[in-house]
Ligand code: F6R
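Here's a solo chain for you in structure tokens, the form predicted on its own.
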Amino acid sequence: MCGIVGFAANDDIRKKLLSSLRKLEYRGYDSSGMSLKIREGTLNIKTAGRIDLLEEKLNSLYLCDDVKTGIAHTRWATHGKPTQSNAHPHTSFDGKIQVVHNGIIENADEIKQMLSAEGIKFVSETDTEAIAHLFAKHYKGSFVEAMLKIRPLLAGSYALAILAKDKPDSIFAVCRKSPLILARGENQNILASDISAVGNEAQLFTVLGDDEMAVITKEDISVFTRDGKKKQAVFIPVPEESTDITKNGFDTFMRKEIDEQGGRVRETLQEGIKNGEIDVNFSGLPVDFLKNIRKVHIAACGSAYHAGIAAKYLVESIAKTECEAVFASELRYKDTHFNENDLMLLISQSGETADTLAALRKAKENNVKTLSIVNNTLSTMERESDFVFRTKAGAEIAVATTKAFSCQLAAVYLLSLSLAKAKGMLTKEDEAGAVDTLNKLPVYINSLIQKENEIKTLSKRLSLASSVFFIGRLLDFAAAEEGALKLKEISYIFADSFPAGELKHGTISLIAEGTPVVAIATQEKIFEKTLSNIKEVKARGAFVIAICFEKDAHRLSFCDKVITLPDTPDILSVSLSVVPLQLLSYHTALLLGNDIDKPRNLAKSVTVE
């Protein structure tokens, strides 16, 4: 989940490296560093902590010449604590090789033992240092030949950028199961973990494939196949959305991205609604296949999994089709019984989530069709899936997702309706009603953002709590899960979520006088049941914040605070109830003084298991 970047250019690259690293901080920010090619050789600068500290170190050095070749890294710690010695780049035993790495080398301990037996000393706790030493041992002037020798010795995932002392104007690159892009700019060539890091510096880019290799100089980018043969890479224009990574006047990216949700949801929905009807082909899945789907398997992680929980209820209720949502980290190892008429639905903002990619590959091994809902241009998941629906969330920088989650929900609404339509279960009248409601959804989302000051008043109460509980049933449970995760992610307050009916089966023992409970009650057919559960916690002294439709507010007047949603069909409730939950978490974290865009221990794109 680290971020890497490299420039080979005609002019000085130091500010470009720093700027690109800042755009990659969502991938990790425990430590950072860079290797710069200077007249005397290679200069390594590393520091624990944020990139501001790295910039201070860099600015304290006087370099008489421009730096035109260099690589840099921002780290999310896996092997070893976030210290300066564990920060990248890592140097080989002979001092001739510098390496930055995103991924995990699973057999690093075995490699370390082998190299230590040969007298090579390790100075860090990282798996990456093993790569530096191993590469130096086999490097005889040809990057490709060296990689062909060491690649069979490396187990795991990696995206590598390497500098060699004897090639001062070159950067070597290779990747396996970890994303790496190559880009061409004006008088410069670039590599990076993500196009968003260098969008302003590049005009064209390509994605390096698994086990492919590249040599980057300021004049050219040479790409080689996994067999070491030179190939002609196809470069495409950089997406416009990758060039606009700003806060647009907001204090944080998260608050900006909350504000963008209505517009982004509208754009996503437009992809599946044509001429006032649900486009049954919006996902690319053939109608004949949709019609005969036996079961939908959903694999996702984190917030995307919560969108998957919502999808399960929607597919079952709207399309009357069996559906199962499973954590991708579990599905990749569990015994799943597939059928040729099944569909595997993968949901991921980045399209690079390691566990979800593994679930995708498991489905393909079993000849199951795969559909991915992703938000990242040319991601691995997009390239490997049979069918893809790319949401229109745009670049999402804050680690805690908001607009990408809302766009995922919009996508699963469209999928559920198109599946129902293909199966002949959607009447013209129901379809017209669904389209009308979906078209109003962005307006409703924006109206809830306008309630920010009302929601903000509750944040002080939550900021003083040691724990907060979120409850709901059916689709409300999906919202409760997402609300609890948001609060945990950015406020660091313990939060738990569960179906409201499970309260009396143990968890109610944790409810004491003043314990905050966020209760979501929008599902009409079980409203009375949820109401009963809310009364149970209220009777035990809980401070209850209820979220419901406007028409039901009077039924929840006994709660300490009621946040109302515009009245809509309750199948769309998650898209609405999640907005006040996002704002509640945001303002609680703000009161606590936390770094909202970069919460501790987290990274945006989880590219390692």
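Quantities reported herein were computed from a predicted structural model and do not represent experimental measurements. Throughout, we count residues from 1 along the sequence that is shown.
As for the form predicted together with fructose -6-phosphate, it is not shown, yet the points below apply to it.
Only one of H101, R75, K486, H90 comes within 4.5 Å of fructose -6-phosphate in the predicted complex through a heavy atom, and that residue is K486. Here is the short version: of S178, S196, Q408, S416, the single residue with a heavy atom within 4.5 Å of fructose -6-phosphate in the predicted complex is Q408. Among residues of the shown chain, V399 is one whose heavy atoms approach fructose -6-phosphate to within 4.5 Å in the predicted complex. Proximity of S459 to fructose -6-phosphate in the predicted complex falls outside the 4.5 Å heavy atom cutoff. Contact check for P516: no non-hydrogen atom falls within 4.5 Å of fructose -6-phosphate in the predicted complex. Within 4.5 Å of some heavy atom of fructose -6-phosphate in the predicted complex lies at least one heavy atom of S303. From the list 90-98, 167-175, 309-317, 349-357, the contact stretch for fructose -6-phosphate in the predicted complex under a 4.5 Å heavy atom rule is 349-357.
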